[in-house]
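The form predicted alone is given below as one chain in structure tokens.
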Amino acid sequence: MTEKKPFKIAIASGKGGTGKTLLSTNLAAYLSQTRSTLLVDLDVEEPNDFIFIKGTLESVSDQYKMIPEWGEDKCTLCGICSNVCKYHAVVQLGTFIAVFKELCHSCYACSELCPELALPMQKHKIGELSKRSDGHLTFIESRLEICEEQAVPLIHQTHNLVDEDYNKIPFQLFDCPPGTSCPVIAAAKNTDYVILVTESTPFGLNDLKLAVETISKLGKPLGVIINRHGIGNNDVESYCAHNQIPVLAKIPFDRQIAKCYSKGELVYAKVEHVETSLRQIIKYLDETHGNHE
């Protein structure tokens, strides 16, 4: 019998502040009441799921990328390294080879093609991965090191870790970075389904359109959650209907949600309509993707 693969859901948004973290943490905690669930915070530049997901800290591990280190004593200044680096991370300045670690993509071209082996690759810390557990919920936080420029390598490493060590957890949620840039692509492309969180305002609609266009290029099925429903207008719903995008739930605008959220509390246990929305989301996913393999 073929073993079921985990069902991976990316939770994303066209812009920050729509309620992505609210949905990720509450959906993960609610799911974990009845099934094993994994929540991964991939908003590595500003992870904040830990505020709402407590649990027991089990491990913290450093994450690295490989960058070249110039060996002046071996270098003959042939210029090959600077010519092959398409990211301009290795530059020859007279008799000096400058390595800009912020630009390096760890492609190994300069190191492998150097005839004198003057650019050996060395470890460079880019962030940390921490693991917490709380009953049936496993929580992985991926946090980029301060002053690091590139989020994508750490996001890739986090996905690899999940695939290697957590492939037995059937339901997996990935809280993605906001926007439509490279980190979002890296976070969502290894998932099976994408939930886009938006709000019913002109700004929400504008950024939702950008997010839908981006995710569509990845060929991923997607659905929309309308948060703070009741403010703005109905243009988001009209857009989704016109483009045959399912609206999985509408979370009404409610001051009580903001109060709970500001205290770092999970909302679904205190605001009934949030729990109702979570049930709707899970029901839709189980009915449409429950046999995912």
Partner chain sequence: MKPTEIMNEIVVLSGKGGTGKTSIAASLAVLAGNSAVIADCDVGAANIHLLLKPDFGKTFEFYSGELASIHQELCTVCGKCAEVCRFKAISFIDDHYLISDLDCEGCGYCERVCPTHAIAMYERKSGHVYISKTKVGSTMVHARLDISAENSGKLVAAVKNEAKSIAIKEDKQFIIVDGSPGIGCPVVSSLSGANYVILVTEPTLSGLHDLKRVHAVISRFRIQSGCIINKFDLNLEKTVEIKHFLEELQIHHLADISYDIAFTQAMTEGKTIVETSSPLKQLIEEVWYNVKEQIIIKK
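Numbering follows the first chain given and starts at 1. All of these numbers come straight from a predicted model, not from anything done at the bench.
Missing here is the form predicted together with its partner chain; even so, the following discussion is about that form.
**Student:** Given its partner chain in the predicted complex, answer whether the residues 237, 239 and 266 all have a heavy atom inside 4.5 Å of it.
**Tutor:** Zero of three within 4.5 Å in the predicted complex.
**Student:** My question is simply whether residue 207 lines the interface with its partner chain in the predicted complex - judged by any non-hydrogen atom within 4.5 Å.
**Tutor:** Because a heavy atom of residue 207 falls inside 4.5 Å of its partner chain in the predicted complex, the answer is yes.
**Student:** Can residue 259 be called a contact residue for its partner chain in the predicted complex at 4.5 Å between heavy atoms?
**Tutor:** Result yes; residue 259 sits at the interface with its partner chain in the predicted complex.
**Student:** Even though the partner isn't displayed, in the predicted complex is residue 134 close enough to its partner chain, meaning a heavy atom within 4.5 Å?
**Tutor:** Close contact is absent here: in the predicted complex, residue 134 is far from its partner chain, nothing within 4.5 Å, heavy atoms only.
**Student:** Residue-level question: is residue 197 within 4.5 Å of its partner chain in the predicted complex, judged on heavy atoms?
**Tutor:** So residue 197 does not count as contacting its partner chain.
**Student:** Scan 116, 192, 72, 213 and let me know which has any heavy atom within 4.5 Å of its partner chain in the predicted complex.
**Tutor:** Filtering the options by heavy-atom distance leaves 213.
**Student:** Which residue among 120, 221, 170, 202 has a heavy atom within 4.5 angstroms of its partner chain in the predicted complex?
**Tutor:** Comparing distances to its partner chain in the predicted complex, the residue within 4.5 Å is 202.
**Student:** For the stretch 97 to 118, I need every residue with any heavy atom inside 4.5 Å of its partner chain in the predicted complex, listed N to C.
**Tutor:** 105, 106, 107, 108, 109, 112, 113 sit within 4.5 Å of the partner.
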